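Taking the form predicted alone, here's one chain by itself in structure tokens.
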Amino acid sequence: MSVLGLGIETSCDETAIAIVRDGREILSQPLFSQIDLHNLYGGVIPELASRSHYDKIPFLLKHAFSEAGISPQNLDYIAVTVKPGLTGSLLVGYQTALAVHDITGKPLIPVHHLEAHILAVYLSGDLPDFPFLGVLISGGNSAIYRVDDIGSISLIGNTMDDAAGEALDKAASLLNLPYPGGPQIEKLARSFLSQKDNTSTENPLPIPLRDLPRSEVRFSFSGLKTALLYLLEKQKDAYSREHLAWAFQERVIESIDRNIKHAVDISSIRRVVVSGGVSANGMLREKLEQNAAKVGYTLFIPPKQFSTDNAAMVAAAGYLYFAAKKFPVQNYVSSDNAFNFSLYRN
């Protein structure tokens, strides 16, 4: 018998609803993006984000049930992101999920946003056997986790300062590119490579944590951002904007690739899931796919449509908890990243 789940995602600047059958078949996934709203300010404004969620979520919820051809009573569970994220935005999604729960009496499954990103590979049927490594690269996170089971996740290495996506957005701002910066950086980087002989390409930016021992996993991008700023100030006309976009992105990709190699060495785990918004970067995907075979690990990456924030991944995570009869307990929202849900079995 099929299982129907509702996913709700409002952790940042995407208002997203999804109705999913058996954790994989998407019946409806309406989404409202706030990019145009926040583009005016070069980044997400928390108060504007929460107000937009509040305005849009009733209509998206109604549309989702209509498109899926079901009523709330047909649901088997409700999954909602409760952490981490912007507190006001999270509250809108959580209160909506709580209302559906109160009306239907169906189980409410709180979902950790980062775990949902990792488990998004289930939407394409590619969830690897446990244990595996979960690499989170997004606007707010650059970290590598050991995933031993649903709800059993431990940190291997984190960022010391900026996250990869945040660094790309800041670099784009320095280069006078619109928000969000990642796609704009990649576009210019591809343009640069189409004009240059790769064998003679010079990268004027330093390698972050160049001498990091293979026994450590750490990200750091703030120094790279500062190096770009100084280069623009002192050698403004020495390099084209396309060249600098490529150079910055290349250093970010190198750092991600190097840390994955270190994590594989440390853990001896050779199944790697790479997810989060930055994993939508096509040049990063190409690099990791090439190097996975060389290093000797199996790479899993969600389809691009599930790499950025979406509600289908929340519904998929909820399904895996529901199927395992594991129900996280958290009746509040939080901005912290810790995987500290208590679990009970039904």
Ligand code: KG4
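The first residue of the sequence shown is number 1, and the count goes up from there. Note that this is a predicted model, so its numbers are computed, not measured.
Keep in mind that the form predicted in complex with the ligand is not shown, yet the notes after this line are about it.
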Heavy atoms within 4.5 Å of the ligand in the predicted complex: which of the stretches 132-140, 147-155, 73-81, 203-211 has them?
132-140
At 4.5 angstroms, heavy atoms only, are His117, Pro183 and Asp309 all close to the ligand in the predicted complex?
yes
Option touching the ligand, based on a heavy atom within 4.5 Å in the predicted complex, out of His262, His243, His113, Lys106:
His113
With the ligand left out of view, which of Ala49, Ala280, Leu320, Leu60 would have a heavy atom within 4.5 Å of it in the predicted complex?
Ala280
Gly93: touches the ligand in the predicted complex, heavy atom cutoff 4.5 angstroms:
no
Is Asp169 near the ligand? Define near as a heavy atom within 4.5 Å, in the predicted complex.
yes
